[in-house]
Structure formats: C-alpha cells, structure tokens
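Next up is one chain by itself, shown in structure tokens, the form predicted alone.
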C-alpha cells in the first residue's frame, strides 16, 4: 500500500513533469530522466517513479520505449468533424509554432476531375493550390485545393505566398453549405517525402467542398500523418436511439 508521503511525492513529480511538458520546456521527443534518476532527484522509491511514468503514458503525454527510456509524445490534434477551422489555430492550440509554405499556384481551366470535385456543370477557370503547413519543425498537413474562379474571382488577385488560402476564404467569402468526406489512405512516395513520414504510412484525409449563394466555392483535400491527428464529434440526443 502506498503511504501518505509516497502519495504526496507521486503528485508532486506528476505535476512537475506535466508542467514542463505543457509549457514546452520539455518538447516532443525530449527524453525524460530514467526511473532511477527520478527516484534519486525526488527522494522517492523507484516504484513511485514508475507509477508516475505509467500515469503519464496512459494520459498520452509520454511514450515509453523498451530499453530506450521515456519520451515526450508528439501531440495529437483533435479537430471537430463538422467545423471549418484554421490549421494555424489547430497548430497553435498545441503550443507549437506555425509556419506555412505555398508549394504550387496554377491558374488553369478545370479538368474533368476538377469539375467532378467542384460539381461544375460547365467549363470554368480554377486556381490550383498546393500548400504545406508546419507545426514546429515538422510537417503537419499537406493541403491540395481548388478554388472556383467563377464564384470567387477575387482569388485570382491573391498570390497566397504568405497567407493560407483557407484563412483568406473564411475571412472573405461567405459560404452556406459544406460537405466533408473522411477516410484513411497510405502515403504515396510523394506524400511521404513531403510530410517526412514512411512510404505507405497511414494518413488521415479530410476532403471538403463548400458552396456559396452563387455556386461552388472550393474543394480541398487535407492530408495528415495518421498518428498526429484525431477527429472529434459531439452529439445531442435526438428523437431516435
């Protein structure tokens, strides 16, 4: 049975380590002191140190690797399924620095696939954009976007070199309908290289289409490394069970 002193030390060590992780003092990938070192530092038993590390692992704050030690876990973003949100806000919610890079910007006539993605019944010009979002030093999300220039002609005058197109669209163009499609996909060689993950690693893909009062606005595909992103949906009771 754990005595009162050990229980108090358990809480103290737990609070200390959680504080260092949440504040960013110990960033993702940082190796924590070994059990024996924690025991010496805090004057507690190795069992107490082990219980603290086990608690942190169950909470998802650290990863325990056999023979290697314990490391601060990579944070996993939780995004609401039905929200249209800012990727920058996602990243900053993790207490990580955000950066963005435009990989491609091409104005062209919509292809047959583009027209299918945007649900266009007639030929139309589109802006084809590829962007990479970073969280800290690591790639966070690959964005592949089409903007319908018939509905959003103002987008042609934007170069999107310093501001992500999603942020601009949210602030500039009203939309009244959105559709999400969510699925898992193995990373192709190109995606794996861009996101700095292994080829065929699991990715979470979110596709979104939005419409405004005058027609389709945009189609976008977000590709996330599967181990760094989660989706959350909140429900209220309805009429049927």
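Note that the structure is a prediction, hence the values are computed from the model and not measured. Numbering follows the first chain given and starts at 1. For clarity, a rigid core is taken as the largest C-alpha set superposing within 1.5 Å between two forms.
The form predicted in complex with the DNA exists for this protein as well; it is not shown, and the discussion that follows is about that form.
Stretch-level contact analysis of 22-30, 204-212, 177-185, 62-70 against the DNA in the model of the complex, using heavy atoms and a 4.5 Å limit, identifies 62-70. Distance criterion of 4.5 Å from any heavy atom to the DNA in the model of the complex singles out 45 from the list 172, 41, 200, 45. The DNA in the model of the complex comes within 4.5 Å of a heavy atom belonging to residue 50. Within this chain, residue 14 is remote from the site of the DNA in the model of the complex, having no heavy atom within 4.5 Å. Using a 4.5 angstroms limit between non-hydrogen atoms, residue 9 touches the DNA in the model of the complex. Core-aligned CA deviation for residue 69 between the shown form and the other one: 2 Å or greater. In the core-superposed comparison between the shown form and the other one, the C-alpha atom of residue 220 has shifted by less than 2 angstroms.
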